[in-house]
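Presented below, as structure tokens, is a lone chain in the form predicted alone.
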Amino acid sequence: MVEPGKSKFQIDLRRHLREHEVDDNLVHLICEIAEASKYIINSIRTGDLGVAGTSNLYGEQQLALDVLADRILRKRLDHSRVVANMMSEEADEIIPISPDCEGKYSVAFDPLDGSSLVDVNLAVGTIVSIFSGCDLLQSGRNQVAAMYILYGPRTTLVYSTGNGVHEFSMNHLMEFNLVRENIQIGKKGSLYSPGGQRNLYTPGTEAFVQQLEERGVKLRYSGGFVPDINQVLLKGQGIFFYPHLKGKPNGKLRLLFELSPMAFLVEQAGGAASTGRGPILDVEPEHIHDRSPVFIGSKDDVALAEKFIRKLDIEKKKVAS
């Protein structure tokens, strides 16, 4: 096996999965998603950056690239023969593929997270959550795999099947080769990526941010969830958060398509992911498109956020009573 921090470009994705004794059907599924990303990156480079003329179920205008990336992934998953159900962030219901759940997987995906950044040439990505069997509506703790693909200056793929977090880079032949395995996140970071309007932060979140600033932690925020989580993972430290806001107690990000898979990856790398009141991976979704606040990254920083939120929440309740 490759030592942490060393590159072995001759190890491709399929070989790496097999060396980690991943189930054959899951190997096939992950490689199909990797294959789909080749078409998505080509669409980003050459495709229409305009509006598709449709809206998704959140009332957000869909871009042509959103629709195309969604179609590419659906087609690959549909034809993979190892998927029971799938769910796209762009759809309003679960898409059944096979009534036979035995040995198959259910997949939730955000086909092109941060797509509004494409027209200004910033990094975007695909996020994927994988469960065994037919059930998608369960806590992230039950995921068998999670991954994302980042379309930036380089195209990289990061995955975990519960046995560490590993990074691959697409070469000139559009093959994914191993760059780094067993990525680890330190307990305390020197950078933070804050989402949401600061004037809408609750007292606990505001106190947490002030503590980070007093410590000299630097603000590094791209506006994209995938590149910001990638930054935390590959820098090996830091915290991203999109908190509960005044008037928006559930934050912005979707549990099933964004938070659960990223929480799985970050926990596998030794970090933590919290709603501000408990682990993201323990949240049982009630609906497919549930949202949640998130604080994700270095363990000590996530714990500090929880401490401030818990303390200020208690004080707020005392004042109210």
Ligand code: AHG
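This is a predicted model, so every value here is computed, not measured. One rule holds for the numbers: they count along the sequence shown, beginning at 1.
Beyond the structure shown, there is the form predicted together with the ligand, which is absent from this document and is the topic of what follows.
- Using a 4.5 Å cutoff between non-hydrogen atoms, residue 208 does not count as a contact of the ligand in the predicted bound form.
- Using a 4.5 Å cutoff between non-hydrogen atoms, residue 131 does not count as a contact of the ligand in the predicted bound form.
- For residue 223, a non-hydrogen atom is located within 4.5 Å of the ligand in the predicted bound form, even though that partner is not displayed.
- Remark: residue 283 does not count among the residues lining the ligand in the predicted bound form, judged by a heavy atom distance of 4.5 Å or less.
- A single residue from the set 67, 253, 36, 273 has any heavy atom within 4.5 angstroms of the ligand in the predicted bound form; that residue is 253.
- Residue 115 is the only one of 202, 115, 237, 126 with a heavy atom lying within 4.5 Å of the ligand in the predicted bound form.
- Only one listed stretch (144 to 152, 224 to 232, 71 to 79, 164 to 172) carries heavy atoms within 4.5 Å of the ligand in the predicted bound form, and that stretch is 224 to 232.
- Site residues 186, 264 and 267 are none of them in contact with the ligand in the predicted bound form, judged by any heavy atom within 4.5 Å.
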